[in-house]
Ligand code: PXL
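In structure tokens, one chain follows: the form predicted alone.
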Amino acid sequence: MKRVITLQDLSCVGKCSLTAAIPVLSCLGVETAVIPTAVLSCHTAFETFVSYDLSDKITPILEQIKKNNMRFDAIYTGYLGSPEQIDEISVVIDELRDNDNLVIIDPAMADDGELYTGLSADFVSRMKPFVKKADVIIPNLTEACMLLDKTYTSPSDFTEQEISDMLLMLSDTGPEKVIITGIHFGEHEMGAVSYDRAENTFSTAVNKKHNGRYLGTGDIFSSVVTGCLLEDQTLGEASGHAVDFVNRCIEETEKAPDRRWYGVNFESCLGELINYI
């Protein structure tokens, strides 16, 4: 059984970050270890919340992992709460990396052209060198623009050629594999486009476009990709499964719109992940 260690925050209420990553990865047959970067009362889209930064706990946890000679087939990072925490996690990657494991970074910091609540422009400048450590990065379209200092307007404004060029430019910074999510394909479809430098291939994954905001979908997408890559699937296959699973989660959530704010109802779809491995 493959083993991944994921570093991101834990929300006591709200289905995102670790709350979503652990069950998704587990259902894909991957043993999941964690280093929680923060504990929040609820995710940050709620009107009020409290957050407890765990940055000072990361190094002691890392030291014990090393003392026990623990090895991981993948190191997977999600939402990080501060520029300083990026530096802490960068050390973890350096210490746990070997010649055979996979480093997957979701530069979770922005959407719809804006940084997430509480993050500053300095966060973007620290994220740029951080993603160079990755084998795989999974930015959404807003994050890809920020990493490349490109102007973001609307998803519909980007041509197929522009997306391809962005994938190549992001790969040129270091990561061998890049997926950009949140790509619009006409009025009724959206999905992701990926590029694998080793194979020199582009892949497109498309499904139904849904109106409205659905929280936690990025975390679910990245977790599905991570699990599928650890099953030795191609980047295109992993991205396709992630797009399809996120679509199913949104469909389930649309049946209970009063619950949407907590995150998508992925729990009722978890059994379907067996079809992806």
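Sequential numbering from 1, following the sequence displayed. Keep in mind that what you see is a predicted model, and the values were worked out from it rather than measured.
Note that the form predicted together with the named molecule isn't included here; everything after this is about it.
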| property | result |
| --- | --- |
| Exercise: residue 44 in contact with the named molecule in the model of the complex, heavy atom 4.5 Å | yes |
| is_contact(residue 16, the named molecule) in the model of the complex, heavy atom dist at most 4.5 Å | yes |
| Residue 152 within 4.5 Å of the named molecule in the model of the complex, heavy atoms | no |
| Contact of residue 253 with the named molecule in the model of the complex (heavy atom, 4.5 Å) | no |
| Three-residue site 72, 135 and 224 fully in contact with the named molecule in the model of the complex at 4.5 Å by heavy atom | no |
| Interface stretch in the model of the complex with the named molecule - options 62-70, 225-233, 239-247, 209-217, non-hydrogen atom within 4.5 Å | 209-217 |
| Residue among 35, 54, 27, 40 with a heavy atom within 4.5 Å of the named molecule in the model of the complex | 40 |
| Residues in 96-132 close to the named molecule in the model of the complex, defined by a heavy atom within 4.5 Å, in order | 116 |
